[in-house]
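In structure tokens, the next block holds one chain alone, the form predicted on its own.
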Amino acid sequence: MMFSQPMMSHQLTADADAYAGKSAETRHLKPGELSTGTTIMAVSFDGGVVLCADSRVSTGSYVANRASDKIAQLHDHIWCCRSGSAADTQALTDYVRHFLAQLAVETGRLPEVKVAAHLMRRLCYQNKDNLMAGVIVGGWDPVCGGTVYNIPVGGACIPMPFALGGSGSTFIYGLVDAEYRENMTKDEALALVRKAVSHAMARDGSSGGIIRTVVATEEGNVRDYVSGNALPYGPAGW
């Protein structure tokens, strides 16, 4: 029978020193690696999709950009919410936007949301060792209507009625599970994403700024925002 040796006192001290001054979010990082954070969300409703994101870009504990745009347009009715490395996700959206434009010219019709999602998935999966990118692809197409695909870090591709991503998402899964229901109207979906993301911004130090939203339907796209002093939940409402 084999017994594990007890840890020596100097090993315990070394482990404690490695965790000194670090939070649960940053203690797993490699030397020189910086933490990033965000909150992104998408919800499908009867007739389209609502996409939502905060606007804070963080580099460790430093806020590099307080009013960034994390919702990128891939085609006429197809959008993408970005989380992870800003440089990686910007490069990915540029590639997918180019491929979809080529596809639309060659076929003469609008690309489907699932095509955009699988293009994104393939790029993420084939380069998973070199990328830090978690994205949500959502939009409207004539075949499937409003659809949402979650593509987490590593390159999976999961169709979902709603999707959450980023460091702030862990704070609001219970809230969204309780509030979401099928066949929501556009106004109900907008109210849900604004409420959920504002809660995440209040609890997650890496999420903040303003809330940006995009509503994608057959009629077109509507972009909007909620300023930091008008959030449905947070210090301004307390």
Partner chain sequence: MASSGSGYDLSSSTFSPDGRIFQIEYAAKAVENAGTALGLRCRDGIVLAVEKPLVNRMLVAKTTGRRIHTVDEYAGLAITGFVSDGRQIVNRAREEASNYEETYGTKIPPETLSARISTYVHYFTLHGALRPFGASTLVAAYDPGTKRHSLHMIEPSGVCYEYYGAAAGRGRQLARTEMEKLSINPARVASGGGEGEGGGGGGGAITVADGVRQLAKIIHSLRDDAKDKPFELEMSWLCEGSGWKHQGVPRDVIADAVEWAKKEIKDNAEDEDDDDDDEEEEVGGGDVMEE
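Everything numeric in this text was worked out from a predicted model, so none of it was measured. Positions refer to the first chain, counted from 1.
Omitted from view is the form predicted together with the partner chain, to which the following refers.
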Inset, instruction - Spell out, yes or no, whether the shortest heavy atom distance between K128 and the partner chain in the predicted bound form is within 4.5 Å. - result: no
Inset, instruction - Give a yes/no on whether V115 approaches the partner chain to within 4.5 Å in the predicted bound form, heavy atoms considered. - result: yes
Legend entry - Distance check, V153 to the partner chain in the predicted bound form, heavy atom within 4.5 Å: no
Inset, instruction - Answer yes if any heavy atom of V143 is within 4.5 Å of a heavy atom of the partner chain in the predicted bound form; otherwise answer no. - result: yes
Inset, instruction - May I ask whether E106, L119 and R122 each come within 4.5 Å of the partner chain in the predicted bound form, counting any non-hydrogen atom? - result: yes
Inset, instruction - Quick one: find which of 106-114, 80-88, 128-136, 159-167 has residues within 4.5 Å of the partner chain in the predicted bound form by heavy atom distance. - result: 106-114
Inset, instruction - Go through 182-207 residue by residue and record those having a heavy atom within 4.5 Å of the partner chain in the predicted bound form; state none if no residue qualifies. - result: none
